[in-house]
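A single chain comes next, written as structure tokens; it is the form predicted on its own.
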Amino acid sequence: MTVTEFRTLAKQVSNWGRWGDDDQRGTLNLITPDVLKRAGASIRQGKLFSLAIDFNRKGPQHGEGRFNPHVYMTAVSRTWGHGEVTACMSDDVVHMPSQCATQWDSLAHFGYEGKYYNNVPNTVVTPQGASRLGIEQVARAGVASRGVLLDIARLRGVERLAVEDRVMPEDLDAAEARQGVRVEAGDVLLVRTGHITVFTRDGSREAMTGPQPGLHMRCAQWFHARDVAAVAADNLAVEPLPPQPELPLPLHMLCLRDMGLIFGEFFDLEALAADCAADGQYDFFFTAPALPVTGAVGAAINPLAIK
């Protein structure tokens, strides 16, 4: 795609002003009371799946920039009391980037040409955090909706996509048809490429954060047409890596900046996908609340799918 085509697509999918000039929640506004009631009806079997990878020093980060979590004990089985019965307590501190493992991007995480979502200038982000579009805007009303898994790896008959593979809008349509499900307005879309297994099974940090498959930028049109509330995938950036130099992370630019659509990354969809293939139910109640850390541009989460 050329830069000219990218700019045309950006205008087509823009949600600037759709929910008012002061809006900071973007497509999460699509999660209405009726959507939540529909989401609740997706709980039919009483099955629960965590979609997070573990947060620990053996996580997927390596090299400069983001690093894996460190836990420091500030109290280790400290004794309380001097009577016949004494108590003991422990406390700790967790030191980690907000986006080191399974996480949400806030709308202040990625923009271009000096702007974030809804015409917010990038000067709102300072060394003290984001004064607008921070993760607290995602956390305030929570992220809970009907979730839909589209299993592209299974659609193509492979355990995981090859690093050069790209997920196109027609793949999303084909997965819906094969699985007998349809993504509706206000839904959270989860896309399985199988790439997470290079880390969870093979144990390779380098492969997890290196070249990888993902969703092509044209999927932004599909998300916009369906009024998707949020998108998450089982790779590092939802979209492919490495990006092309003239359009750095174009799907981030189109979705976070132009649409106001948050991304979830490092989702482990393997157990959920296997269960969905076994019972044929690919929709579920999805919830992934973020801590309201004022001014943060991402949030570590433990997303849950309940069938």
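Being a predicted model, the structure only gives us computed values, none of them experimental. Just count from 1 along the sequence shown to find any residue number.
The protein also exists as the form predicted together with a small molecule; that form is not presented, and the subsequent description refers to it.
Chemist: Among H216, H109, R146, H195, which has at least one heavy atom within 4.5 Å of the small molecule in the predicted bound form?
Modeler: The residue from H216, H109, R146, H195 that makes the contact is H109.
Chemist: With the small molecule left out of view, choose which of A175, V183, M208, A237 has a non-hydrogen atom within 4.5 angstroms of it in the predicted bound form.
Modeler: If I apply the 4.5 Å criterion carefully, the residue I get is A237.
Chemist: Since only the chain is shown here, I'm wondering whether D268 would be in contact with the small molecule in the predicted bound form (any heavy atom pair within 4.5 Å).
Modeler: Output for D268 is no: heavy atoms all beyond 4.5 Å of the small molecule.
Chemist: Looking in the predicted bound form, any heavy atom of Q99 within 4.5 Å of the small molecule?
Modeler: Contact with the small molecule, yes.
Chemist: Indicate whether the small molecule has at least one heavy atom within 4.5 Å of a heavy atom of R66 in the predicted bound form.
Modeler: Because a heavy atom of R66 falls inside 4.5 Å of the small molecule in the predicted bound form, the answer is yes.
Chemist: So in the predicted bound form, does any heavy atom of L249 sit within 4.5 Å of the small molecule?
Modeler: Answer yes; at least one heavy atom of L249 falls within 4.5 Å of the small molecule in the predicted bound form.
Chemist: Which one of these stretches, 115 to 123, 99 to 107, 78 to 86, 221 to 229, sits within 4.5 Å of the small molecule in the predicted bound form when only heavy atoms are counted?
Modeler: Of the options, only 99 to 107 has residues within 4.5 Å of the partner.
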